[in-house]
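One chain comes next, on its own, written as structure tokens: the form predicted alone.
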């Protein structure tokens, strides 16, 4: 595949390297040309602008934020100025609003656009083991699939609207932040009683706590299957209260928020429902 890659930061450099390793003809462009030179040394072509890179007709972008992606697409010599026929595959974590705007702008320019969000850290990208969450017209996803296969271990297609993938990615990244806070509070609660952070971390890993919780509760929340209760909310509220008390005053903002939410549901008559009913609107 004749492909261009724009954005050679920690993630993009690994992804572009995988495309080269897979034998694709790669053109690169980066705002800082010094980051592109190692790829030229390996045989990649150097573009002088995003529009020139778009001569490859399939362009992957991996950029830091909305502003960077807007500049590459709407700026002078940007992708939208490259003429009809281009397929732009956006791998950047950006807003749903910008994704929708780009979908329309590329259509107006006679171009194609898909969102292909990637899950994994830089080492995973360099190893070609990313998980890809993609959305866009099926034929356009098919055209991008050889690239996905180069830097990804699996591709999950959500639908034909690029905004679907953008929304899923920001939801997943929010979840990472929530998990980090959850782990931090679990360590504080146990740590107040001489359980070391290392011990608690080992317990979470060895019990596969996260995987079991997601596998158990995600389907229940998705289907709103809150009755009959496997574990009623009023007992869950008791346990959250016990955790707050056990922390001996350590800050537990998430636990406090959960207690307030549980109290509201119980006050509304929902205490006997499964505690997964925390997922109700």
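Positions refer to the first chain, counted from 1. This structure is a prediction, so every number in the text was calculated from the model and none was measured. Whichever C-alpha set is largest while still superposing within 1.5 Å between the two forms counts as the rigid core.
Missing here is the form predicted in complex with a small molecule; even so, the following discussion is about that form.
Quiz item: 57, 133 and 262: each with a heavy atom within 4.5 Å of the small molecule in the predicted bound form?
Solution: Not a single residue of the candidate spot has a heavy atom within 4.5 Å of the small molecule in the predicted bound form.
Quiz item: Of these, 102, 72, 166, 114, which has a heavy atom no more than 4.5 Å from the small molecule in the predicted bound form?
Solution: Filtering the options by heavy-atom distance leaves 72.
Quiz item: Tell me, which of 191, 159, 146, 122 has a heavy atom within 4.5 angstroms of the small molecule in the predicted bound form?
Solution: Looking at 191, 159, 146, 122 one by one, just 122 meets the 4.5 Å heavy-atom criterion.
Quiz item: Which one of these stretches, 64-72, 37-45, 243-251, 219-227, sits within 4.5 Å of the small molecule in the predicted bound form when only heavy atoms are counted?
Solution: Of the options, only 64-72 has residues within 4.5 Å of the partner.
Quiz item: Is residue 19 close enough to the small molecule in the predicted bound form to count, meaning some heavy atom within 4.5 Å?
Solution: Although the small molecule is absent here, residue 19 would stay clear of it in the predicted bound form, with no heavy atoms inside 4.5 Å.
Self-check item: Exercise: residue 8 in contact with the small molecule in the predicted bound form, heavy atom 4.5 Å
Solution: Yes, residue 8 sits close enough to the small molecule in the predicted bound form that at least one of its heavy atoms falls within 4.5 Å.
Quiz item: Though only this chain appears here, would residue 93 touch the small molecule in the predicted bound form if you measure heavy atom gaps against 4.5 Å?
Solution: Yes, residue 93 sits close enough to the small molecule in the predicted bound form that at least one of its heavy atoms falls within 4.5 Å.
Quiz prompt | Contact test in the predicted bound form: residue 231 vs the small molecule, heavy atoms, 4.5 Å | solution = Residue 231 belongs to the contact set for the small molecule.
Quiz prompt | residue 242 C-alpha relocation of at least 2 Å between the shown form and the other one, rigid core basis | solution = Yes, shifts by 2 Å or more.
Quiz prompt | Shift of residue 34 between the shown form and the other one at or above 2 Å (CA, core fit) | solution = No, residue 34 moves less than 2 Å.
Quiz item: If the CA atoms of residue 183 and residue 274 move by 3 Å or more in the predicted bound form, do they move toward each other or away, so closer or farther than here?
Solution: Closer in the predicted bound form, by 3 Å or more.
Exercise. Can you tell whether residue 181 sits closer to or farther from residue 275 in the predicted bound form than it does here, judged by CA atoms, where the change is 3 Å or more?
Key: They are closer; the C-alpha distance drops by 3 Å or more in the predicted bound form.
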